[in-house]
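What follows is one chain in structure tokens, specifically the form predicted alone.
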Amino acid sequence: MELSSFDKSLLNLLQGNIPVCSRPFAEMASTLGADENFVLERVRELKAAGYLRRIGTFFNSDNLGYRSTLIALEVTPSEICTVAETINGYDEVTHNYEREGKFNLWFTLSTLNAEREGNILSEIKSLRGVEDMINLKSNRKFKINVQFNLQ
């Protein structure tokens, strides 16, 4: 599917300009010179085509009482899909991705307490194919906001 100029304008808005109101897609439709149903249909189609992963907001997890950490796993290549699917089943996992190298599966984990974090990590470490785990706690957070200007 090739992106139209409308699609690009819609994607630009979705990256950080979603109005906070009772009908944000109607407001965006007005901005784009379209109707709400058309915008909603395009969003569905763009998601189905893989241009959108999710639409949501960012929260300051520290201020909400969450503790976050980055986990690096060494996983037997034949088990990587199964391990990744299991990790994705935890609500506390926000990102999960495969990388090259010895530590080939990385994910972020945000929990409300150390006990829950420990339980999840123990369960994951005991999965078949998990050879090693490194818990990379952050000292400082650096947040970047990447947006693409589609033209």
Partner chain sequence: MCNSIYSDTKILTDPDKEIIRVLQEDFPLCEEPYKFLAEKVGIDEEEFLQRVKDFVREKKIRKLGAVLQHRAAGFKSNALCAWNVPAEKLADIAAIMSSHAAVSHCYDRTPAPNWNYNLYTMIHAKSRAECDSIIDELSRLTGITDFQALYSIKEWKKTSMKYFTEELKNS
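Whichever C-alpha set is largest while still superposing within 1.5 Å between the two forms counts as the rigid core. Numbering follows the first chain given and starts at 1. Keep in mind that this is a model prediction, so the values were computed, not measured.
The discussion below concerns the form predicted in complex with the partner chain, not included here.
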Quiz item: Quick one: does Ser126 come within 4.5 Å of the partner chain in the predicted bound form, counting heavy atoms only?
Solution: no
Quiz item: Any of the heavy atoms of Ala114 lying within 4.5 Å of the partner chain in the predicted bound form?
Solution: no
Quiz item: Using heavy atoms and a 4.5 Å limit, would one call Thr94 a contact residue for the partner chain in the predicted bound form?
Solution: yes
Quiz item: Would Gly33 sit within 4.5 Å of the partner chain in the predicted bound form, counting heavy atoms only?
Solution: no
Quiz prompt | Residues of stretch 7-36 in contact with the partner chain in the predicted bound form (4.5 Å, non-hydrogen atom) | solution = Leu11, Leu14, Gln15, Gly16, Asn17, Ile18, Pro19, Val20, Cys21, Ser22, Arg23, Pro24, Phe25, Glu36
Exercise. Classify Gly56 as shifted (yes) or not shifted (no) between this form and the one not shown, where shifted means its C-alpha moves by 2 Å or more with the rigid core superposed.
Key: yes
Self-check item: Cα displacement of Pro19 between this form and the one not shown reaching 2 Å, rigid core superposed
Solution: yes
Practice problem: Say whether the C-alpha atoms of Leu14 and Asp91 sit closer together or farther apart in the predicted bound form than in the form shown here, given that their separation changes by 3 Å or more. | Solution: farther
Quiz item: If the CA atoms of Asn17 and Gly65 move by 3 Å or more in the predicted bound form, do they move toward each other or away, so closer or farther than here?
Solution: closer
